[in-house]
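For reference, the chain that follows is the form predicted on its own, supplied as structure tokens.
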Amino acid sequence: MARPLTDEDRAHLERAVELGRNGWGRVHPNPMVGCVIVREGEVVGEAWHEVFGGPHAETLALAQAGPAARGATAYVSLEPCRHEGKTPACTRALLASGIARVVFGAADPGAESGGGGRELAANGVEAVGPVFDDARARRLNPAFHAQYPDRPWLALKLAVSLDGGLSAGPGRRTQLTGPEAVEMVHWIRAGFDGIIVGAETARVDDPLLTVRGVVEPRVPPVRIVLDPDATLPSDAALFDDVERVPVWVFTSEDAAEGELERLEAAGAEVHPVARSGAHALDLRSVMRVCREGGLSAILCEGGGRLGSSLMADALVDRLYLFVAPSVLGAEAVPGFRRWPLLQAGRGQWVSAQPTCALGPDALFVLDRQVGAAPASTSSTSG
């Protein structure tokens, strides 16, 4: 029978989680994993999965520990994998090292990679886990644990004033947050396959939507614009480096052929999909195309109409809400076109991490509870 976890066990496991976060933006679509090896109360090895295709956390930590791994305890944030992929199975490495005990946080949901704990136990290793429940597992590696067959895992990022405004007025670009929040946005971007905005946001803000922060993503996220009528200007900033970072433009199936050809000539990969309204695209069709195109995690950066529609269709899994200490007034463009989406769903959203102060601004990170139903339904984009 496995020994009950001590406070020391839990502290080492949390250290493994902390180490794993160093893989953000570098290991996707693999999960972030950290490992700590302890023998007789002393840490003899610790590491994290550093880059996709490279050695896993357990292998690196074992190499650091060397002979001291024999008889030690390995603390791993995710259940050790048991399959041969780009790297050898971690269970095999742990068994060969003489590790006596393995404590792991989250279960591996993979059909081939999961079950490492059972394999270790069957070979005489004391295996303890999963220690974390499903909700925490999803918070740590959400896209890895979600695995939706018909859409990517999706996060919505919004920066709003204290009175819930996105900008001072329609068509007015408004910088709400300070440099610390901007730096955090670039860090967040690095962990996604794609960044999506509506056509109005693309025209008004003319953003680059590239990652320009301390983390250089292994693969730059695709820039995605929902542009039903194919009106995105050919000289938009997005096209400045389209050879390096792809641009996908979703248009309606009935958009003018000439406009589609213009966008393609500018460098865009154009995806016509069905409309859901006069100036809107069917969002579930958009998400399905993204998933089929290999995108498993997408970050939406606005605007308010697109964000609200994604929320209403229950397509948002995480909300990154930056709140600036300012008031924009009655003319402001609202961050959510229908605030009752949040007010009516107070039990549907839970904190994914502690509120973070970024200079004068605050960041709230909320996850939608699995199985929570939307307050209403709508499909609006543009």
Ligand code: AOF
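None of these values were measured; they are calculated from a predicted model. We number the residues from 1 along the sequence you see.
Just so you know, the form predicted in complex with the named molecule exists too; it's not on screen, but the next bit is about it.
Only one of the listed residues (218, 203, 83, 279) places a non-hydrogen atom within 4.5 angstroms of the named molecule in the predicted complex, and that residue is 83. Partner contacts here mean any heavy atom within 4.5 Å of the named molecule in the predicted complex, and among 25-33, 353-361, 315-323, 61-69 they occur only in 25-33. The named molecule in the predicted complex is not approached by residue 268, whose heavy atoms all lie more than 4.5 angstroms from it.
The closest heavy atom approach of residue 224 to the named molecule in the predicted complex falls outside 4.5 Å. Although the partner is absent here, residue 285 is not a contact residue: none of its heavy atoms lies within 4.5 angstroms of the named molecule in the predicted complex. Using a 4.5 angstroms limit between non-hydrogen atoms, residue 113 touches the named molecule in the predicted complex. Heavy atoms of no residue among 151, 192 and 310 are located within 4.5 Å of the named molecule in the predicted complex.
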